[in-house]
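Single chain ahead, written as structure tokens, the form predicted alone.
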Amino acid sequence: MKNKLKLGVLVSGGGSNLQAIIDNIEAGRLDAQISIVISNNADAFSLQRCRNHNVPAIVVDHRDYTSRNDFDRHLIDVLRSYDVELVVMAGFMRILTKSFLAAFPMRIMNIHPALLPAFPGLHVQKQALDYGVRFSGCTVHFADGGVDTGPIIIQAVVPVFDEDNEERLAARILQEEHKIYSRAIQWYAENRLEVQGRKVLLKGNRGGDIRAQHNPPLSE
């Protein structure tokens, strides 16, 4: 039997992406196992999701540490103790230190609710709406030393409509997040991702639909 990829998932909040990963593992669509979930927030609903599915989880409160480096060093120790092969950030609201990134080089994935490199950071739906873009989306990328700057693995595009507000746009993007994050993890489990500088190449990729999308549509 093939060994399953061991995941360490970092969370801070509700954990809908964590739930999607759990669901895909249980459905046999993702060749991985969650070795440990770590939350820096004891009140995160993610922890209840773990209890519902018998997924091991602990709380490591960053406020109990005198420095960001001390906090990250403890996270590293916990993840290594569970033999974690890939670190998955699923709404983890902490910036990682250089020491953490060095401990798991190109083995930390993050998902961002915008089409990077546009609109990094926080409040990205508001940024997109204020700018007036016609398309937004989400990005799975490897973490590096910047804010949402790491090599891009996969992106999903969603249209932005005139009547959208932040909540409607965020909900449409979130549906795509749930699809592409597990796909990126599965590709990693299959050893199909190769990082070359800023690019992440997908081994065996046959390409996709080359038709352009237009918003508003050209038929208007």
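Predicted model, so just to flag it, every value in this text is computed and none were measured. Numbering starts at 1 and runs along the sequence shown.
The same protein also has a form predicted in complex with glycinamide ribonucleotide, omitted here; what follows describes it.
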With the partner omitted here, the residue among Ile76, Met106, Leu129, Met93 that in the model of the complex has a heavy atom within 4.5 Å of glycinamide ribonucleotide is Met93
Please state whether all three residues Arg134, Val157 and Pro217 have a non-hydrogen atom within 4.5 angstroms of glycinamide ribonucleotide in the model of the complex. no
| query | Hey, in the model of the complex, does Asp148 get a heavy atom within 4.5 angstroms of glycinamide ribonucleotide? | reply | yes
Is it the case that Val87, even though its partner is missing from this view, gets within 4.5 Å of glycinamide ribonucleotide in the model of the complex, heavy atoms only? no
| According to a 4.5 angstroms non-hydrogen atom cut-off, is Val195 in contact with glycinamide ribonucleotide in the model of the complex? | no
Heavy atom of Ala143 within 4.5 Å of glycinamide ribonucleotide in the model of the complex:
no
Within 4.5 Å of glycinamide ribonucleotide in the model of the complex by heavy atoms, the stretch out of 187 to 195, 27 to 35, 52 to 60, 172 to 180 is 172 to 180
